[in-house]
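A lone chain, given as structure tokens: the form predicted on its own.
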Amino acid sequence: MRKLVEQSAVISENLHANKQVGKSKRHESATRQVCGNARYVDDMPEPSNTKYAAIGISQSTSGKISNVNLEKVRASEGVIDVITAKDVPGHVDIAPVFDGDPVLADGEIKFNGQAIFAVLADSIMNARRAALLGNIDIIETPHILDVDAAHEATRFVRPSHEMQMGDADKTMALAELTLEGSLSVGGQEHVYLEGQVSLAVPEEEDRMHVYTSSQHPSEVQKLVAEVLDIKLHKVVVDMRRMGGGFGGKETQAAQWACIAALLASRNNCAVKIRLPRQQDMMVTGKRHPFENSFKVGINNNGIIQATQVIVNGNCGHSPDLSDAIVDRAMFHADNGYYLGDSHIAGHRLQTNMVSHTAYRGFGGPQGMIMAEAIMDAIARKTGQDPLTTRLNNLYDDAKRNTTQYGMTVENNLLPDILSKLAESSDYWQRRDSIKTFNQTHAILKKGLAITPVKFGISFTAKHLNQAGALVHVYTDGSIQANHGGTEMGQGLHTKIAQITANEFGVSVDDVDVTSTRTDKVPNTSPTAASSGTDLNGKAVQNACFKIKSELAQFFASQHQAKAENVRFANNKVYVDEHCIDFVALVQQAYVGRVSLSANGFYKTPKIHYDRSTGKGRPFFYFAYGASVSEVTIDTLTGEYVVDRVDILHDVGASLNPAIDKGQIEGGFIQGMGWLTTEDLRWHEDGRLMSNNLATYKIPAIGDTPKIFNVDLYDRPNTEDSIYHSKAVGEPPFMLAISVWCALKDAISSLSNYTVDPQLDTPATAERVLNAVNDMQGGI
């Protein structure tokens, strides 16, 4: 019989090989999703008394409600109940931070499509038919749809904000060259596969159980309690998975849960509401459209001396999350570049549109694109290759390492990432061959661009940077983990299972991550800001530490050993020369009355920001990356294809390389859609015209680049993140800016790269053709 000490020695050599993190693991719901067995809210077995809700919406864009006649609605087939704002027993305003978002229109119409009433019926079709029959009289008032008009009318949802470093005006006046430019940055529809849906089930003693497709269950719990005028402990919100969110379900899922709960409470029956896709697109917020401008002072070598940037966010009718979104646009107006003496101003304009909301990147893309616009403008002005301009203006480790908000950029990976990517993608060789191609082809023109990403990770609202978790170990050795994050397809639960398994040294198959519930982990932050794994992974790890500490003390005491020498690996537990199966130890611990359950908690360290001074460290760390895109445009039609994309992206020590690469690929394609095809259009009367997938084009499989190379930059995070990994949800989205820059590069070739074309986003074929015609007419 082999001695235990020898077995321990052999096993210790293979501990790393049996780790559950750092390996590609299949998404925990992948098989169920492919087979159609993954359960979403609309798939849940309905209680026997379930009824169905729909909303009646405004056909006006701005005005006062003078009369509401719902007699035809009430008389419609199958109708059970009809409610307006007057029927809300508690709070009518369900705004997430600042007031302005009534659950149903409360005397005033703020945008075309605003919900005025809700109807409950015995079938979804009867509810939707009845919702069309409301007779609403509205005294129309003038509406505003664009930021220029909002500026003129001094309409802001929140006060403007500024960040500055040095004296930008003085340095600008002394600069050898100055450049100015402006850019209209389009919004974006979320197009989550699963639309907005909620199911509210009333229970005894005024309790309400809500199933909802939401990124923020705790906020839904709070708002449902407030509209029903009950305490939060009476409301349980359960969220197993979403069919996509992208920010569109961070705040704006709450309204539908509240309406379902109101009708469920009034009628003592389960109520489901699911918005039809077209209505969903009309009544929910988008990525904020921005109107931005810049002025930059440079020396003759193209190095920035002074920068002034103005970002104007079109916020829609209410604040929603716009204050923080415009802040993040301001934070990221530098991207990876030292702006010199700088002044960044951000305005939050109020318009009569649906209230725009969170979207992957949370304002970062609308700010970051300005940095890349500046780089292109400098390159054309100085005759440099755009990559040279970018390299010359990167933050460095000497004096040029402080952001416009006073944070020092440490451990900057961009110089190495850009160097490695330029080499692996053959950037310089391809640049020469593309110039030759453009000189010898009259109609087709190619463009090439490499752009970096430096994206700050943390909620900029400090209090949101916290997470809780609850972990149970059962007597058969199986483990259940629960945390405050929500699964929307990004693989969060898969990574949490890997972290849990890794801590206990067991297989991922022995871990189950259960649905996010407000009665298991309270007061949770939204799953947003790329922080899902960072926050919840650390909280789960903290809970595991507590249980492991109890087990280690118990096991060590049996062998007169030190608890700190106990190790968990390979479904066993080791101390000195002793070894026991994990299950056996758990069973012994249970008999020995050792706790096998623990809650965990984590709060992000180091972060702070003083809004009054515009200075601080709002981010725990930066995630970096870079992409090279090559495009071919047809100068006669404006049509184009993305021929090749090469990406090198920093995810720290990857927890799951397969999931991380999937997030990078998906984020890039979604970003490409934002910048090229996804064109939001409003009629002058305020109606959203791009309200279905026939009038709004998202990227299809055929839009994927023929050559699409994605590599991970393998370097552990220097900060103490979970296993020194880095966030991967949002940063890859902005890699797609290289496609926009490549389109500009192709157009600029018509001037022999001396003119930087004006190309607002989305850069549709029409806009590309207009830019080509402008270029040809101006040379």
Partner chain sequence: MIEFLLNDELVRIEHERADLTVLNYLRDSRAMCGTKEGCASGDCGACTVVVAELNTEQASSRRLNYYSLNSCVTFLSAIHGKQLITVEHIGNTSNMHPVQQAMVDNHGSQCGFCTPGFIMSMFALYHSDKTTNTEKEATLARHHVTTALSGNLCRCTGYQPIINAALEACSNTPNDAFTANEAFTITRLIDINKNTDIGTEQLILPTTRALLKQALNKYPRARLVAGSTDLALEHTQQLNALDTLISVSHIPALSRIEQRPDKLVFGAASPLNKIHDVLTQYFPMLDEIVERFASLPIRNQATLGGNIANASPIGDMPPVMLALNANVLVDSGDSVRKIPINEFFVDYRKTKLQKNEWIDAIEVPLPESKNQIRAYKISKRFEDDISAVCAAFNLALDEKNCIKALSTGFGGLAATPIQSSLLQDSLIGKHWASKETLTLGKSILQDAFAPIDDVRASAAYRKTVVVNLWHRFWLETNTSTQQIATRVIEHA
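Positions refer to the first chain, counted from 1. As the structure is a prediction and not an experimental result, all values here were calculated from the model.
Separately, the form predicted in complex with the partner chain exists; it is not shown, and the next lines address it.
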4.5 Å heavy atom contact with the partner chain in the predicted bound form for all of Gln278, Glu665 and Pro705: yes
Is the gap between Gln758 and the partner chain in the predicted bound form 4.5 Å or less for some heavy atom pair? no
Is Tyr640 one of the residues lying within 4.5 Å of the partner chain in the predicted bound form, judged by heavy atom distances? yes
Gln670, heavy atom within 4.5 angstroms of the partner chain in the predicted bound form: yes
May I ask you to state whether Glu719 is within 4.5 Å of the partner chain in the predicted bound form, using heavy atom distances? no
Heavy atom contact within 4.5 Å of the partner chain in the predicted bound form, the stretch among 329-337, 253-261, 189-197, 521-529: 189-197
The partner chain isn't shown here, but in the predicted bound form which of Met165, Met488, Ala115, Met239 has a heavy atom within 4.5 Å of it? Met488
Just to be sure I understand the contacts: of Ala75, Ala153, Met689, Ile139, which is the one whose heavy atoms reach within 4.5 angstroms of the partner chain in the predicted bound form? Met689
Contact set, 120-144 vs the partner chain in the predicted bound form - heavy atom within 4.5 angstroms: Met125, Arg128, Arg129, Leu132
